[in-house]
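A single chain, nothing else alongside it, follows as structure tokens in the form predicted on its own.
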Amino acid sequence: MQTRLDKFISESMAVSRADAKKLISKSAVTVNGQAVKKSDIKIDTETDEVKVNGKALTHEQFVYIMLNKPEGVVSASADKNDVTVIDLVKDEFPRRNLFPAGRLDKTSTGFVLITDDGQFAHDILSPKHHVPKTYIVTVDSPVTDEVVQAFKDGVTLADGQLMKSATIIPYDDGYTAKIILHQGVYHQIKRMLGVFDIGVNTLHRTTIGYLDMPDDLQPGEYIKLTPEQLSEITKDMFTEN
């Protein structure tokens, strides 16, 4: 991909375009071993080697971030009143147009995927692709065999919407369960359990696709995802349920 040298440096180093131009003017930048002083020259991000002060730069067209969302943080790009998931990561990625690919309620916690890749986000959120998401919930009433079977058959919400088949696996205490969904409907888990007069106390997302959030990733912490990790999200994405 062809792009301006100063733009490439700005995006690769997370610095302003003005700072990138200063580096170029100070002969700190080489392209394929040759010092350059023009910031507007075009480079090929795939084949040209760009170094700043002798250190090679790599260009990432998009970034993909796994965040362990804490309670009280909202899944939005900006909010006037609350801390957002983007607020937690933006200092490391100051020149990226990041957004959450999917949402968790303010009171819910766990795996939120943040990216600037709109097409990827569209693909994993599309109802056509059935990317599963796994949650651990605690509830105020026991999860019975009736609930387990109803989730498997497809729960009809109070407003008449029929949900796709889902999996709920109660733990031994009866008040904790793992839930696997294949669609994303507003407040889906709370509404599905509400059909059985079961209230949700806590909701924590652990997995998107087949990518598990590490147990040692603390609330508010995040990691950049590798191509291998991304493939765990999209694995079987086009398989019909």
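Residue indices: 1-based, along the sequence shown. No experiment lies behind these values; they were computed from the predicted model shown.
This protein has a second form, the form predicted together with uracil, left out of what is shown; the following refers to that one.
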Tyr135, Phe151, Phe111, Phe99 - the one with a heavy atom within 4.5 Å of uracil in the model of the complex: Tyr135
To verify the annotation, which of these, Ile65, Met213, Ile43, Leu203, has a non-hydrogen atom within 4.5 Å of uracil in the model of the complex? Leu203
Contact segment among 81-89, 100-108, 152-160, 114-122, judged by heavy atoms lying within 4.5 Å of uracil in the model of the complex: 100-108
May I ask you to check whether Ile189 falls inside a 4.5 Å heavy atom distance of uracil in the model of the complex? yes
